[in-house]
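In the form predicted on its own, a lone chain appears below as structure tokens.
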Amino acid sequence: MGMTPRMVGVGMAIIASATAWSVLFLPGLTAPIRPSAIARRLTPLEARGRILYIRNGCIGCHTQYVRPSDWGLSALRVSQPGDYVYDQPHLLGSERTGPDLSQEGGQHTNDWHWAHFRDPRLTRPASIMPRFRFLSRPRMRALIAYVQSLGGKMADARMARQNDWHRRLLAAWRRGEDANADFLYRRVPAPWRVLPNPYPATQAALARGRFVYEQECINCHGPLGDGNGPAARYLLPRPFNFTLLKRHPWSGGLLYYQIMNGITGSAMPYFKQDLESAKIWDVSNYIAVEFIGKNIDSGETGSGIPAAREPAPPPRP
């Protein structure tokens, strides 16, 4: 046989077919996948939301799986084949422009997602995600239900916790802002309630804190810190009013704890994965000085080894 273009094409087709069979089809026939411990079928509402997710191209920016190499990026769980046994078609994706959504369910409340889909800049001022405000209310509910299902039974457990705390927080909020502030104060661990901010509110620290506040907080808590940001109209309970702390006990540690862990059951997310410790202390300083009118720091000097980046006193003559 001569090496004609036709024979080359036939050979390439045979090789491609053999490769596809051995890589794509044979494993599916010889190694059936069983549901994992967290896998479950979607409800009808979640299934409708999945169709909207597909039609609107969400998979173009978000993945739905965590590789072992992603474990150091705040992943809750490395994905397993059995997690997707009920998904047709699979929506694993490969583009990581936005956050991975494999365990998104229960990470935020439904009203946070409502504000986020209406205008992502309301919850993430630096987001490049497009708006989905063109969706009708029934379609928005379906899309949110699908996103809250991501993570299977682990997501269900987180959603149950969100809903439980949401009921408690809403009851406290409806008793008035002061009652709500007292409710939140009592649920911060005692050591954090009296912990002072270990870093002084220097000009540089306040500038860094203001930048973090404008990047992460301003659209919920507002430019005045009174909880009247543009996202507040979608959120219940409403974002916390920092100016209340002028007449309530508080500390730098209390602010740090709430920013770090968020407030489950409310739209206040946790920032322990997004902000390193120094930035949380900086934004705590900014909130204290800008909205409460004073700062509580350690006020101690010479009691420990100072951080290398903090301002140093002038050298002794």
Partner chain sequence: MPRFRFIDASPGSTARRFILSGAGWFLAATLIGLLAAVELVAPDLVQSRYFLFPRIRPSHVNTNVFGFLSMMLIGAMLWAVSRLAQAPLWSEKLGNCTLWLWNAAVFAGMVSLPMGYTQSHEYGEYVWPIDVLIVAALALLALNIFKTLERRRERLLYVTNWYAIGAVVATLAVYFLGNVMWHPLTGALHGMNDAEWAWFYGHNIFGVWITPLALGLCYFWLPREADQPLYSHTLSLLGFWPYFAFYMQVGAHHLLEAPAPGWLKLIAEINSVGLLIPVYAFLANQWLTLRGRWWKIPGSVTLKFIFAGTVMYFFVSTQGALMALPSEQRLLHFTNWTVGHAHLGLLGFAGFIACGAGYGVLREMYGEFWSSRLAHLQYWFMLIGIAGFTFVLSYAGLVQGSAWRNGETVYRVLPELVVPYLARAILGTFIISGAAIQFYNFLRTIYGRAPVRMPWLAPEAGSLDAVAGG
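Residue numbers count along the first chain shown, from 1. For clarity, every value in this text was computed on a predicted model and none was experimentally measured.
Although not depicted, the form predicted together with the partner chain is the subject of the following passage.
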In the predicted bound form, which of the stretches 231-239, 193-201, 213-221, 157-165 has residues with heavy atoms within 4.5 Å of the partner chain?
213-221
So in the predicted bound form, are 153, 206 and 243 all sitting within 4.5 Å of the partner chain, heavy atoms only?
no
Of 37, 278, 47, 26, the only residue with a heavy atom within 4.5 Å of the partner chain in the predicted bound form is 26
Since exactly one of 247, 174, 187, 96 fits, which has a heavy atom within 4.5 Å of the partner chain in the predicted bound form?
96
Can any non-hydrogen atom of residue 121 be found within 4.5 angstroms of the partner chain in the predicted bound form?
yes
Contact of residue 80 with the partner chain in the predicted bound form (heavy atom, 4.5 Å)
yes
At the 4.5 Å heavy atom threshold, is residue 138 in contact with the partner chain in the predicted bound form?
no
Could you tell me if residue 59 has a non-hydrogen atom within 4.5 Å of the partner chain in the predicted bound form?
yes
